[in-house]
Ligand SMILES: Cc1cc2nc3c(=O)[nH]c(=O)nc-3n(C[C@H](O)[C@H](O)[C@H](O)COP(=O)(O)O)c2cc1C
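Before any questions on binding or motion, here is one chain by itself as structure tokens, the form predicted alone.
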């Protein structure tokens, strides 16, 4: 199978980057036909295409709005608070072209050592519901490969903040925590000179060994480790969705991370479902993480609870943000930044302009001169 886009197909791809409806109706079917209906190959095809199209993305970047009223300050950095979520660019191969469009990037999850991940197939699409199902299991080309990419990004002038998603992985129950922490230290030490922050990701539902990391003691210790090795960098933890009534557990874990020196939380990760629920004739794993619009209630609940419990924390929201009104309501709930993967998989990167437009309209409707003023009010009310 020819895995590269031809000139005509690349033109269609670039047109789809500008127009989300065109991407949905024309480009996405073209990509699936090109990839033999393999969802994971589609993603890799898109990343390779972006990597090879930075010249065009630079030319198109002026079509993506960065209104002054949406700029915010996060950990001393002024930025446009719309970014990519972990999983979209797993190895950081397309950071420079993505930085032409987004205000921050979360590549990864980066692993210390190359890792195959779970058996394939492990990525499936449910187009009718706009959902993705994944059981990737942290596939990664490893730290050394990511270092090449991040150094190249900086060398070529990449200035948009990069918050690397990282995780140490227990290989067995013997010395599991020790091994995971040693890998984390290796990752943080190596990446700290090149990134603006870290998102520790113990929340994957498709990597069984991560369950050993989900204790308050490990959350605190991990935050302490990152703070010791990278004291000037933003330090976040990604959390799994939680059901109504589980707020005490949620705030307990987040609180432990913040007490250890963390700045905040990314909410929310995919929701685990049994493998037989995946709309795929074959599936390589016992479970899957489902992502999409249905995560809205989980996301908003997590954002509100995090902001209420930790008024000064940095809160990054993700999970099925498909329209501008939803994006605006997420900021009103207490988010500092929002990021995405699944919505862009269905509508392309041009969806960002719709989100930006919706937030601007919401601010004007409610009489806020800027997103920063809205956020300041939400945080002040949370501290009462």
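Owing to the predicted nature of the structure, the values given are computational and were not obtained by experimental measurement. Numbering follows the first chain given and starts at 1.
One more form of this protein, predicted in complex with the ligand, exists but is not displayed; see below.
**Student:** By the heavy atom within 4.5 Å rule, which residue out of 218, 295, 181, 191 makes contact with the ligand in the predicted bound form?
**Tutor:** Residue within 4.5 Å of the partner: 295.
**Student:** With the ligand left out of view, choose which of 86, 254, 169, 95 has a non-hydrogen atom within 4.5 angstroms of it in the predicted bound form.
**Tutor:** Comparing distances to the ligand in the predicted bound form, the residue within 4.5 Å is 86.
**Student:** Want to guess which of 47-55, 337-345, 64-72, 324-332 is within 4.5 Å of the ligand in the predicted bound form, heavy atoms only?
**Tutor:** That would be stretch 337-345.
**Student:** Decide whether residue 132 counts as a contact residue for the ligand in the predicted bound form under a heavy atom distance cut-off of 4.5 Å.
**Tutor:** Residue 132: yes, in contact with the ligand in the predicted bound form.
**Student:** Can you tell me whether residue 222 touches the ligand? I mean in the predicted bound form, with a 4.5 angstroms heavy atom cut-off.
**Tutor:** Residue 222 lies outside the contact set for the ligand.
**Student:** Do residue 309 and the ligand come within 4.5 Å of each other in the predicted bound form, heavy atoms counted?
**Tutor:** Flag for residue 309 set to no.
**Student:** So, residue 287 and the ligand: in the predicted bound form, are they within 4.5 Å at any heavy atom pair?
**Tutor:** Result no; residue 287 lies far from the ligand in the predicted bound form.
**Student:** For the stretch 316-333, I need every residue with any heavy atom inside 4.5 Å of the ligand in the predicted bound form, listed N to C.
**Tutor:** Residues within 4.5 Å: 318, 319, 320.
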